[in-house]
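Just one chain follows, in the form predicted alone, and it is written as structure tokens.
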Amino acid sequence: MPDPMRPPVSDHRTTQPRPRASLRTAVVWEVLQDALDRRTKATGRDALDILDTGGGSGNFAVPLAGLGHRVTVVDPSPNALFALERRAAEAGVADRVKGVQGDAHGLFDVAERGGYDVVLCHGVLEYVDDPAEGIRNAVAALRPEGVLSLLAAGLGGAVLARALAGHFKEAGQALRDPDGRWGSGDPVPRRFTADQLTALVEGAGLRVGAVHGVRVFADLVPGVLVDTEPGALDALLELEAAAAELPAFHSVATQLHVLGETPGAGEA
């Protein structure tokens, strides 16, 4: 998972830091926060129960706990869970973050079925044997009115990146491969198009509330430009946000974010 901002202290919209790493998470964070705001208003509760599948060291879980929510992180890596525990303690939110070892396939061995207002499924579908089963399990963990935040690797972004790097055969291979892989050395087992992800979400019984392209430009812009040109980071963040909602840019995004909602979940 990309590393997002440090945990917010009070108002997330004014305390969110602006390091270059925020380019990788700003769009997802804003969409997710809007969904959380709607759920808190609809439920009348200040704190929601959130399940973060594959949440690793708490890149999203710790900031969410910083907003007062209760977060359960399921991850197969004991090292990641150890880092999560340490990070939550450092942020002062250890009482609102619980880490358990498990995976999407055996999710309900360690998580409660139908027990969460929001489920995060970030960087998981690329690695599971059956993406449809992974989504079904995530949806089954939701309460009757809940929200799914799905983030997965985009096919078009990988093709474009390989082509711009001069690896034209690998770009063509990724384009033709059923899983979107550019070769045996590709560290990502599977990539998706926006249509594939929305079909998975709808097939699991949710309605698609929003689709966003993530890291449309960020991975293509030279780091030295962002780091040294005055105002470049803020301008690039604004550009990413503007392009994220436009379907024309979904096909070239490094990642795709889909917000799925159960009936009535989008109503305040």
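As the structure is a prediction and not an experimental result, all values here were calculated from the model. Position 1 is the first residue in the sequence shown; the rest follow in order.
We do not show the form predicted together with a small molecule, though everything after this point is about it.
- Within this chain, G54 lines the site of the small molecule in the predicted bound form, having a heavy atom no more than 4.5 Å away.
- Although the partner is absent here, G115 sits far enough away that none of its heavy atoms falls within 4.5 Å of the small molecule in the predicted bound form.
- Proximity of Q101 to the small molecule in the predicted bound form: non-hydrogen atoms within 4.5 Å are absent; the residue sits far from the partner.
- At the 4.5 Å threshold, heavy atoms of P131 stay clear of the small molecule in the predicted bound form, well away from it.
- Checking R96, R162, R191, H122 against the small molecule in the predicted bound form, a heavy atom within 4.5 Å turns up for just one residue: H122.
- With the partner omitted here, the stretch from 142 to 150, 88 to 96, 176 to 184, 71 to 79 that lies within 4.5 Å of the small molecule by heavy atoms in the predicted bound form is 71 to 79.
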